[in-house]
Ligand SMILES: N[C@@H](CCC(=O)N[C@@H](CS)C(=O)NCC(=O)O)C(=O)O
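Okay, so here's just one chain, in structure tokens, the form predicted alone.
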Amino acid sequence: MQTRMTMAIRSTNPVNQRMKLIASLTSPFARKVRIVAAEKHIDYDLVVDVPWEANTRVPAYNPLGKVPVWVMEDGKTLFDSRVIVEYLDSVSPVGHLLPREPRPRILVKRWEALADGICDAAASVFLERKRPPEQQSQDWILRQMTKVTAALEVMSEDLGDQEWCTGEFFNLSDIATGCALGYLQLRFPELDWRRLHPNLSALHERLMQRPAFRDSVPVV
């Protein structure tokens, strides 16, 4: 897969354009899309745009003002990482990451929802801590971090001694979980999740052996 990166959003050609991913390099949701695209061998242009910056053009592509946004060949956009990765899995026959059968599929989506919930809560804390100290709500921070620690405990219990999140095969549940763990490692290095949950730590190490994970490690 070849991915070109640009630092500004280019004008959208209504037809026959190359697909684009509009993303922040530190977003765990954007990283999930990048890894899925890499695993599926889907070519696209990576367009870096940070929604919090004054000159962002993300709202022109997603009215919610969030990344990631996937721009298709006809100029139409998809947003919310869960929508994007399901689309990418459906358009490429390479290594399906979502099972076709309803029950295994919903179990994978449950893992994804749990991982995304960790990212949502952790990102909320990160943004709250960027506010002036006198404006920060410690009750809010505690509430969000309680979600993170509780979700990690459930993940660890559900993973058990399995190699991958839902059993024998690597799939979207592992990608989502790996992105959540990577985000905690980036933004909350003080969290002791590796010692508390050695099976999650081992899973993260296995995932980091895959090129798609190594090539998308977030950098600040």
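Just so we're clear, the structure is a prediction, and the values are computed from it rather than from any experiment. Quick note: we count residues from 1 along the sequence shown, nothing fancier.
Keep in mind that the form predicted in complex with the ligand is not shown, yet the notes after this line are about it.
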*Contact test, all of Glu153, Gly178 and Asn199, partner the ligand in the model of the complex, heavy atom 4.5 Å*: no
*Would you point out which of 34 to 42, 157 to 165, 47 to 55, 191 to 199 contains residues with a non-hydrogen atom within 4.5 Å of the ligand in the model of the complex?*
47 to 55
*Using a 4.5 Å heavy atom cut-off, state whether Asp89 contacts the ligand in the model of the complex.*
no
*asked:* I'd like to know whether Trp70 contacts the ligand in the model of the complex, with contact meaning heavy atoms within 4.5 angstroms.
replied: no
*asked:* With the partner left out here, check for me: in the model of the complex, does some heavy atom of Asp80 sit within 4.5 Å of the ligand?
replied: yes
*Would you mind checking 22 to 60 for residues with a heavy atom within 4.5 Å of the ligand in the model of the complex?*
Ser27, Pro28, Phe29, Pro51, Trp52
